[in-house]
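Presented as C-alpha cells, the chain that follows is alone, the form predicted alone.
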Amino acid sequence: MNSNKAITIHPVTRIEGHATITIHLDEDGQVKEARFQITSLKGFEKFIRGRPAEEVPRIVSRICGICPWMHHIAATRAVEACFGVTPPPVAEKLRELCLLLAHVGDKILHFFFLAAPDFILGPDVDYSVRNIATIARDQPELARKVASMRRLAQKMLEDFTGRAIHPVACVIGGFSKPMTLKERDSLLSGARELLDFSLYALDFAQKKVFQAYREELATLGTITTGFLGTVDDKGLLNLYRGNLRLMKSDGTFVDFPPEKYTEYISEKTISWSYGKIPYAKAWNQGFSMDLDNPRGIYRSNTLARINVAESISTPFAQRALEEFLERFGRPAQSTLLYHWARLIELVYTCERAVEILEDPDITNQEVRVKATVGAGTGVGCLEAPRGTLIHHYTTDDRGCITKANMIVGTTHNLAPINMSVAQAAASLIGKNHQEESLVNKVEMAVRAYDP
C-alpha cells in the first residue's frame, strides 16, 4: 500500500463500483495531493449511437447492476420526449413505484452492508474482519432483519415486473402490464412492512451509530459546496419528476427544467480519471477543486436532495427532516451526513410507495399509448440513489439515436469526492501517521457518497 512518495488504496473497498485513491506525499511525508480515480470505462454514450431508440432503455439498464431501474426509466422518458409521446397517468405511477422500490433496496444495501461496518465495528478494527460478515456473526438478529428487508424490496419488484435487475417493464408510451388487485394487495403489505423497517433503521442509526461518531460527522471529509437535486413545483422533495434546483453554499438557488440543464451545468474531462467532471457554469466562477477556494463545485445525492428541498410531503420523513435541520442547519455541509440523509430518504421512499399503492387508480388498465418513431431531442431526468441522473438523446427520422449524453449521479460528485479525499487525507495522514485506521477513514469519506 505504501511507497516512498505515495499511498495507494486499490481497490477502494465497500463501494458499489471500482475506484482507486492515490495520496501523494511531499519530502516531509505530508500530504501534497490526493486523487479519487474512476478506473472503469463505460462507453454507453458511444455504442448506443445508431441503435433504434426503443431498444435503448433495455440496453442502458446494464450501465449499473445496482440501479438498473433508474437508467431504464430515465432512458424511456428521454426517448418519449424525442418521439413526443405522453404515457398515461397510471403508467407514470407504476414507474415511480418501481423507482421507489429500487431506492429502498439500494439504501438498505449501502448503509447496512457497505457503510455500517465502519460505524458498528469501528474504523480501527482490522480490515479483514471489518465487514458485514462480522456484523452478521456478532448481531445475527440485526443481520437477518436487514437481509430479509432488502430481499423483500427486490422480490416485490421481481414479482410485479418479472425482473429486479435489467428490467424491461417500461415501454415507450407507458408500462408493459397493468397491476391486478391481488398484486396491489401483496405489494401494499410489503410496502408497509418496509416502512416499519425504515423507521426502525433511522432510530437505530441515530441511537447506535451517529451518537458515537459526532466528531467524525462534523469534520471527516467535510467541504463547502453547492448542491443539486429535484423538487416539485412547491419545492418539495421528488425523486421521480420535477425541476432541478441548483443551490449555492449560501443557500440561494435557481430552479430550471431538466431540458435546460446545459444552460446551467457544463462538463470537463481530466487526465487522471475516466469520469467527466460536471460543474455549475451558471455561477460564472469557472472550475476549481481548491479546498480553500472551490469554484463551480456542487454535490448531488441524498444530502444534496434534502438540502435543496423546502420540505418532504410524507409525514414521518418530514418529521425526521425537521429534526435534521434543527441540528445541522440548511444547507448542511458535513460529508458523513450523507448517511443520515440516506435514511431519511429511506423513510420517504417507503411512505411514498404506500401512498401510490393506496391510490385506487393504480390498477387502471390503461397503461400504454401508441408511440410513433421520429426525429427529436429529449431529456429523461430523475433522482437515482447516487444523485441526479440525466439521459439526453437525439434521434433521426427513423427513430435511431444520433447523439447521446448521460450524467449519472456519481459523476456529479466526482469533484466533491476528490475534495473530501484531499481534506480527509490532509487532516489525518502525515509522516508519522499512516496507519491502516487512518487510511480507512479516508475511504469512509468516499463511502458517504455511495459512489
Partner chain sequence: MKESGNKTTVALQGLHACSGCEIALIDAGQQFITFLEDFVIVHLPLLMDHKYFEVDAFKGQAHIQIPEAEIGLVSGGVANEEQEAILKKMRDSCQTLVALGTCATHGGIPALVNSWTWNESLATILSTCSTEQPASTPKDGLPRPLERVYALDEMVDIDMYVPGCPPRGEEIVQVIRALARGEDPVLPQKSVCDTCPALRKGKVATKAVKRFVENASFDPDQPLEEMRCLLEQGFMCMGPVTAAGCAGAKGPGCIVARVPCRGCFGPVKDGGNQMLDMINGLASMGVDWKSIEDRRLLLRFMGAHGLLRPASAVGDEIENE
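Positions refer to the first chain, counted from 1. Since the model is a prediction, treat every value here as computed from it, not as a measurement.
Keep in mind that the form predicted in complex with the partner chain is not shown, yet the notes after this line are about it.
In the model of the complex, at least one heavy atom of A147 sits within 4.5 Å of a heavy atom of the partner chain.
Heavy atoms of I38 reach within 4.5 Å of the partner chain in the model of the complex, making it an interface residue. Within this chain, P294 is remote from the site of the partner chain in the model of the complex, having no heavy atom within 4.5 Å. Although the partner is absent here, N284 is not a contact residue: none of its heavy atoms lies within 4.5 angstroms of the partner chain in the model of the complex. Contact annotation: of the candidates T224, S186, T180, Q206, the single residue with a non-hydrogen atom within 4.5 angstroms of the partner chain in the model of the complex is T180.
Listed residues I362, V367, I120, L239 were compared with the partner chain in the model of the complex; V367 is the one with a heavy atom within 4.5 Å. Of the stretches 325 to 333, 273 to 281, 88 to 96, 214 to 222, only 273 to 281 has residues with a heavy atom within 4.5 Å of the partner chain in the model of the complex. Each of A371, G399 and R447 is positioned with at least one heavy atom within 4.5 Å of the partner chain in the model of the complex. Looking at 151 to 166, the residues that come within 4.5 Å of the partner chain in the model of the complex, counting any heavy atom, are R151, Q154, E158, D159, T161, G162, R163, I165, H166.
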